[in-house]
Ligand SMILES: C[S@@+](CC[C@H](N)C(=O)[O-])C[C@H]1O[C@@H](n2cnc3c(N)ncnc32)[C@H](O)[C@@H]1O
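As structure tokens, one chain now follows by itself in the form predicted alone.
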Amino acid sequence: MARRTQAALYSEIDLELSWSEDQLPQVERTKHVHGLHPYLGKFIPQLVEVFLRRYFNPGDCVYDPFVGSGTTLVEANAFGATGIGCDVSAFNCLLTRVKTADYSLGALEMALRVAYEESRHLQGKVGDSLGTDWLQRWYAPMALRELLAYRAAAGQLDDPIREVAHVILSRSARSARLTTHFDLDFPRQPVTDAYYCHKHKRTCAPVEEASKFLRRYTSDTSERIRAFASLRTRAESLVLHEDSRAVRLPTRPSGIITSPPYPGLIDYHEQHRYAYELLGLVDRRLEEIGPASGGTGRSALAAYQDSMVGVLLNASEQMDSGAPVVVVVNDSRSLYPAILDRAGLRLEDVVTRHVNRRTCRRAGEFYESVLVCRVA
């Protein structure tokens, strides 16, 4: 069957929420701090910008019960709204805090440069035996020593700069794993021999060092934080490492903008396993909603619906009647009509958007629904 033309596709969707690659290239989708660290499943900041303009005003409080990589909170700050984000993933909370924190830029850039140089001096003083079994399996000896040395150097910094260094360390660790260049998202096992690279169309060898990534991402991180600093407002951003089914919020949100996890698709703790191993982050994967390990059987989908009802009901009880709740989701299994009804949310509109470009090797036609609801 012939694929429909883009004109035909776009005749059925909200054009303000759908962009072609030419209209919205990757550099814009990952602008400033949105590109601090790769993250699967995030929605693009341009979506949040539209939702803020449509349903909120500067000075409002926007809540995201699945804060993920912090897209909602970053854009809320730029819009002039208070942002509250909640997540059971310690890494997600770390990344969002780093993106939304206010820094003394000169002090930040100097401290990060010093940390990198200090890590080079510490490389001969740390042994790869200090790494966990998982780290020793997934990294070449030199790469692991460089990562451990940088971890030691970062430990000498004070927060919030230390947390920035931890994101640089995590991003570098993602790139330095013993895996193929084209499979950084879901590597199944370490690769130690040369291989044909689908990304570069030639034979490549696994990475054996981490220093080049630490140096590159130190510079890139400073530049991205500086770029966002010119857009920042004085609006507060608060990140809660809690379960959104039970969290008590410190203030009543004006509404919600969120993109919840899809059932049976991604284990968000496993996605960033290297960060948990290097930083000793608290692992709460058993509290994840709809993890890949749970599958998509009948009982798993029922559990997913129950959990989503818990999240939205808990949030709606802490908001005023009529508050907007904007949910971006691919509801291919039609789970959300029942979820919204049970959570006491009134569905006001369903908008379809065409996702023209997806990450890694999973390209193809993909659609999302924007569910616009109101608290009853």
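On a predicted model such as this, the values are computed, not experimentally measured, just so you know. For every residue, the number given is its place in the sequence shown, counted from 1.
What follows is about the form predicted together with this ligand, which we do not show.
Figure note: of the listed segments 173-181, 282-290, 113-121, 76-84, the one touching this ligand in the predicted bound form, with heavy atoms no more than 4.5 Å away, is 282-290. Although the partner is absent from this view, F66 contacts this ligand in the predicted bound form, with a non-hydrogen atom inside 4.5 angstroms. Of the heavy atoms in F213, none are within 4.5 Å of this ligand in the predicted bound form.
Contact annotation for P261: at least one heavy atom lies within 4.5 Å of this ligand in the predicted bound form. Using a 4.5 Å cutoff between non-hydrogen atoms, R224 does not count as a contact of this ligand in the predicted bound form. With the partner omitted here, the residue from E242, E236, E277, E163 that has a non-hydrogen atom within 4.5 angstroms of this ligand in the predicted bound form is E242.
Of the candidates P324, G41, G310, P38, G41 is the one whose heavy atoms come within 4.5 Å of this ligand in the predicted bound form; the others do not. Contacts with this ligand in the predicted bound form, taken as any heavy atom within 4.5 Å, map within 69-99 to S69, G70, T71, C86, D87, V88, S89, N92.
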